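In the form predicted alone, a lone chain appears below as structure tokens.
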Amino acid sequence: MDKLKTSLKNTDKNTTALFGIAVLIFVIMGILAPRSFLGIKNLQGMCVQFPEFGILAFGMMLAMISGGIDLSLVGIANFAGIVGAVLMIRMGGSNFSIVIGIAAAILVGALCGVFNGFLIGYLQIPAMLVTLGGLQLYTGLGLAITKGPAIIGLPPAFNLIANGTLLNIPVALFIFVIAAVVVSFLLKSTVYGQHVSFMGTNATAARYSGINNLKVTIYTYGLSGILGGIGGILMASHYNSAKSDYGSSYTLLTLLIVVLGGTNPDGGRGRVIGVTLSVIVLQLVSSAFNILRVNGFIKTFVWGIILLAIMIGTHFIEKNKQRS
């Protein structure tokens, strides 16, 4: 009983609010369209869709906790997926080629992230400029490989990563849960997690306390790149093809998810549970819009309005805390 009380006290208001919103959406849509929204196919479909941008959101969260931002994640994801797809096809589409393609995609993601981290940490170029340029760079590299059209003809077994099920539960959901557990462990139970939070709170104080800010920055963006590579694998597997412009709306969506999940845009604070609930809430809203046949452009407009509202609200809340 005491443990339950302690855990409830440690649960922040943001997490509680997100959980309440998720329940509210379920109740409303359960009344408006119970068969469509609560059907097994729709629930499975949601569990296939959100791991793609949810894993990218974890990468964005790590970058924000460090005091930066990673706008290149979608570019990294597509570039990594394209490299993996090319290798699979050239190696004949065997199961071994799938393993090599996945490993290559993750490696490409890591290298892109480390490159971003080096420019940000060593050359002291603002993270927004580096990663925005990185988005164009990695998208351009992917476009140079594909020449425009999508790479098709990937092994049928590769398609099962994003679209297959295990005990009627989508495989993509298992991958998302593993990513969430690993990121949570890194932030809560490792020295790296303490250092990245401290650096995000006050980079100067972190440096004077003996923390190697360059090392932490490179680790952070390297991890973000790895998560981008995993997201790219899921996107390529979902469509069973690879292209340089998949997930073009995910940059805005991951920003919205991370800020909505309680991550401080100025750095130093962020929780996996908050981002996870935020992913679920936005997927529920997206599914509800689709079932109610709301125009996709309106959905994107709503995402932008919500993001601006949250940013403005967070700004005034932080100002009031400083005054008090």
Partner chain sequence: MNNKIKNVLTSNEMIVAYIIIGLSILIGCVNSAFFGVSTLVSLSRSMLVMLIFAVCEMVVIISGGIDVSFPAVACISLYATIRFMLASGIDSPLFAFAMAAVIGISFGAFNAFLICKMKIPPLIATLGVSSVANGGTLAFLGTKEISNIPEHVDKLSQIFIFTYTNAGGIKYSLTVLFLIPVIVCIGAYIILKYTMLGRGIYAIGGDKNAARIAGFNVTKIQFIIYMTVGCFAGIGGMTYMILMRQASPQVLMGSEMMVIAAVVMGGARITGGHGSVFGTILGVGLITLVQNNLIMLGVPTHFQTLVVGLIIVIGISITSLRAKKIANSAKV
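For clarity, every value in this text was computed on a predicted model and none was experimentally measured. Positions refer to the first chain, counted from 1.
Not pictured, yet referred to below: the form predicted in complex with its partner chain.
Comparing 102-110, 82-90, 217-225, 129-137 against its partner chain in the predicted bound form, the single stretch with non-hydrogen atoms within 4.5 angstroms of it is 129-137. Looking at Gln124, you'd find a heavy atom of it within 4.5 angstroms of its partner chain in the predicted bound form. With a 4.5 Å cutoff on heavy atoms, Ala144 counts as touching its partner chain in the predicted bound form.
Proximity of Gly20 to its partner chain in the predicted bound form: non-hydrogen atoms within 4.5 Å are absent; the residue sits far from the partner. In the predicted bound form, its partner chain lies within 4.5 Å of some heavy atom of Leu119.
Contact with its partner chain in the predicted bound form, judged by any heavy atom within 4.5 Å, is made by just one of Val259, Val272, Val281, Val48: Val259. Each of Leu252, Leu255 and Phe316 places at least one heavy atom within 4.5 Å of its partner chain in the predicted bound form.
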